[in-house]
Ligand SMILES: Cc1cc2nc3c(=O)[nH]c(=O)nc-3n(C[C@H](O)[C@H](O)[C@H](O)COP(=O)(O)OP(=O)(O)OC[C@H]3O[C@@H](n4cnc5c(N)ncnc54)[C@H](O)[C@@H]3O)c2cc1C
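Okay, here we've got a single chain as structure tokens, the form predicted alone, with questions on binding and movement later.
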């Protein structure tokens, strides 16, 4: 780290941590990214990045690494899960890009992480430090000392905890224990070759299938060469972590009531992974002096709105901008970041919870939902999300 410049330690080398490192470096901050795993993570399957996230990635200089990795779906198509009947079609592609000045992308999570890492590796202000978990910190008037699991200490101007849902630093920063509570649902994910997609389904689209107690999503990734699948269903079990093997038979059982085209896609998926869904109560605070939480460490968001990773990208851009304008008052800049982000993240999290309820409705409630979807214009419904996709720093 060069003397006389601001410096940062980031705990966590996932999407949020790497995006924060790049955003800070762009503003002249020296950054060390400490990732607990020996190799930076590349697990996951598909990920959706709305215009609010694609805009951040472009500003970070990551877009050039993604050109042949992303898909730009033409539409989002909602199906009745049991019959396969189309309930609604929402415009994406040119419509959403013209409206918000940035595209709607679908891609493999691994490809996004790899692009961020390549961008970070090419930046002389950023040091990537795998196998180096940050487990604690100490504030003082001149800076912060981050404590590594191996006993190593890292001195910096600020510490960003982007260490995910199972954050080691959350309790110390928030000032209170933040218990994670299972929500009674499990998510299953896979990636299959594009030739696994049944002919009757549009290939360049996001498809959502709705049934009582479960829903499924699939969309193109890897530049359209593959299809990502996610199934989220009611479950009585809850396990820690988010990348455990799943039995194909378990997924088939969860999707047994779905229409034949989707069951065919499930049959052709080569491998499944699973993770249990958790929530936490809003934290008392996200910051403590020169340390701040970011992304899932600060605000876990259920995956019913395709915005969890995008909120981490917005966090990264906001935190870096506030630090850059701090005039050296790091604690105040981190407090400003928290104050700015809290209302928006709370709105997104609440919308995700509502979506989860709507997706898994049954009986008369599901009938009413389907009727509304069939009757309303897809473009009109999408325009109602201008507050989400139109975000700018």
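Remember, predicted model here, so these are calculated numbers, not experimental data. Numbering follows the first chain given and starts at 1.
If you look for the form predicted in complex with the ligand, you will not find it shown, but the lines that follow are about it.
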inquiry  = Checking a candidate spot here: are 277, 303 and 308 all in contact with the ligand in the predicted bound form (at least one heavy atom each within 4.5 Å)?
reply    = yes
ask   = Do residue 123 and the ligand share at least one heavy atom pair within 4.5 Å in the predicted bound form?
value = no
message = Can you tell me whether residue 21 touches the ligand? I mean in the predicted bound form, with a 4.5 angstroms heavy atom cut-off.
response = no
task = May I ask you to check whether residue 37 falls inside a 4.5 Å heavy atom distance of the ligand in the predicted bound form?
result = yes
request  = State yes or no: in the predicted bound form, is some non-hydrogen atom of residue 86 no more than 4.5 angstroms from a non-hydrogen atom of the ligand?
outcome  = no
task = Note which of 54, 31, 330, 47 lies within 4.5 Å of the ligand in the predicted bound form, where distance is taken over heavy atoms; exactly one does.
result = 47
key: in the predicted bound form, the one of 227, 294, 96, 146 near the ligand [non-hydrogen atom within 4.5 angstroms]   = 294
Candidate stretches 281 to 289, 157 to 165, 171 to 179, 202 to 210, one within 4.5 Å of the ligand in the predicted bound form by heavy atom = 157 to 165
query = in the predicted bound form, which residues of 185 to 206 put a heavy atom within 4.5 Å of the ligand?
reply = 187, 189
